[in-house]
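Only one chain is shown below, in structure tokens, and it's the form predicted on its own.
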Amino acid sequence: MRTLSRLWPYVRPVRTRLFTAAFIAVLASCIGLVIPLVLKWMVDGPIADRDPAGVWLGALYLLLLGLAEALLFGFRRWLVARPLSHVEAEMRADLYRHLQRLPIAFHDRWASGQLLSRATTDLMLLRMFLAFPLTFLLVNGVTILVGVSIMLVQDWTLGLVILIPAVPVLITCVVFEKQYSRAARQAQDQVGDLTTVVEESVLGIRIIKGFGRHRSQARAFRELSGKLRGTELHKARLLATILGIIVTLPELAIGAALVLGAVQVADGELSAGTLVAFLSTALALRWPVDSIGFLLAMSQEAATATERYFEVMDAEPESGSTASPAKDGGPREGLRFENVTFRYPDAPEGSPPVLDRVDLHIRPGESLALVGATGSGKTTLTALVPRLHEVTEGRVTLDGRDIRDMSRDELRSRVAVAFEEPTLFSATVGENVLMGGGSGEEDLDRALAVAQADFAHALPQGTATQVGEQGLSLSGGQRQRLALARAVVGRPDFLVLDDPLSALDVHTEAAVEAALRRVLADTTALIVAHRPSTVLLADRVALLSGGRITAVGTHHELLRGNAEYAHLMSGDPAEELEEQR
């Protein structure tokens, strides 16, 4: 209940309808308990007196009570349907908004399938819990208390017989709750793992088919599916056990009460109507008692789903900023890294930093190429500029302002990024490009021209063509050009390009470079480069080695004076590099 209480902020806006629905359900159940009293009156009155009119009147009472009970339960269902779908939608929207605000480090750790299962399966379980088990745990509890009170009033000795199973049933519920909670958590985690495998298989279908790995992927899926099946069977066995105990013990108690009551009626100590009313009440309580098992099971699954939901919601979003006012009209100082050190939050303690005391200044309007061996930290350094990661020590400034003192909206409106692995969304070409800024066809056409992505106009619906999931309907070079167009469409003050031309052929690369030179003349740019042709776009070059800037100069200066740079640009074997040193 402590875990489920965290749902209250979402339930509060619809609490009136939920409380009304609960009250109506309690009223309906209590009406059901009046039926045995009518039966007692009929047996001891009209039936004993052989009064047909009284019997018909009693039958009418029973019919009206049954109709009232049915209508009230139907009204309860109508009351909760709309508000609970709203609660589910609000929780899903909050989860999605929160995921957008979580740092990249969080998304690096979490499998997408786990997040997806929380947004779908877990929220569905919570809606079902709020619609049924939450209400009926209260309703059935009240019904059992009222019913037992009625039976004790009818005959306290028979009432005590009925109460004998209460203690073993309570003990069983406590044990069941703990074991089922663990099984429910395991099952829901396994659903997330299974979702991840399915998602990866769909997105990576070209790799699977290309390497003929469909059988191994199918085996991996069957293995996870088998584990989930085993967990679900374990849950079923637990539920079967508690249902067996909860159903059997009260049935035995009812049987014992029937025998004892029949003896008392035969001895004249109890009226037949009282025995009928007592047994009818006991039978009316079978559903509330029998339902304890699966209500507890659904409650445990809901508690686990709540726990999983808030595991994500409790994750710290990207830190805010003091958002100091911009110095409008002040001097332009470009992009500067000042004694920047960075290590990933989940890096082992004592491990060396990815970036170590990096000092680098890119002057206003200057383009600087960042060169280094694989794993030297180039992509990590570029990710610090739009604050996809936060510096561990030191600071990064734009025109003299620490980027941590800028709101993320302001920072990312001034800095545009094109990644080496271009990501496109299931949207039109135009929508994908204009995500980078811009406001119309003119900006879109200009950006496509700069990126040499005029092929978009030749698509079936032009720039209104849907590119499909991940943009896989396009070639790698086409995706990269659209990603580059997205980076330049908003005319950013600062441009960060992570090897933006790696997937282009020689002729297209030359055309893109020619257009990029015009763009770079009006912006401050940091360009990760692996090829001389890309390096030549920049005014200066910085060499990143072992997480540190070891040399800065023009391409020709470093080519003549730095053996490591010459090796990276020429592709000399490592042995030749050692000889040069």
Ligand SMILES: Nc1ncnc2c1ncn2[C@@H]1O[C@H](COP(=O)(O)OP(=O)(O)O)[C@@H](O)[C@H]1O
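In case it trips you up, residue 1 is the first one in the sequence shown, and so on. Quantities reported herein were computed from a predicted structural model and do not represent experimental measurements.
The form predicted in complex with the ligand is left out here; the points below concern that form.
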Candidate site 344, 373 and 380: all three near the ligand in the model of the complex by heavy atom within 4.5 Å: yes
Heavy atom contact within 4.5 Å of the ligand in the model of the complex, the stretch among 188-196, 344-352, 153-161, 451-459: 344-352
One residue of 108, 94, 269, 441 in contact with the ligand, assessed in the model of the complex (non-hydrogen atom, 4.5 angstroms): 108
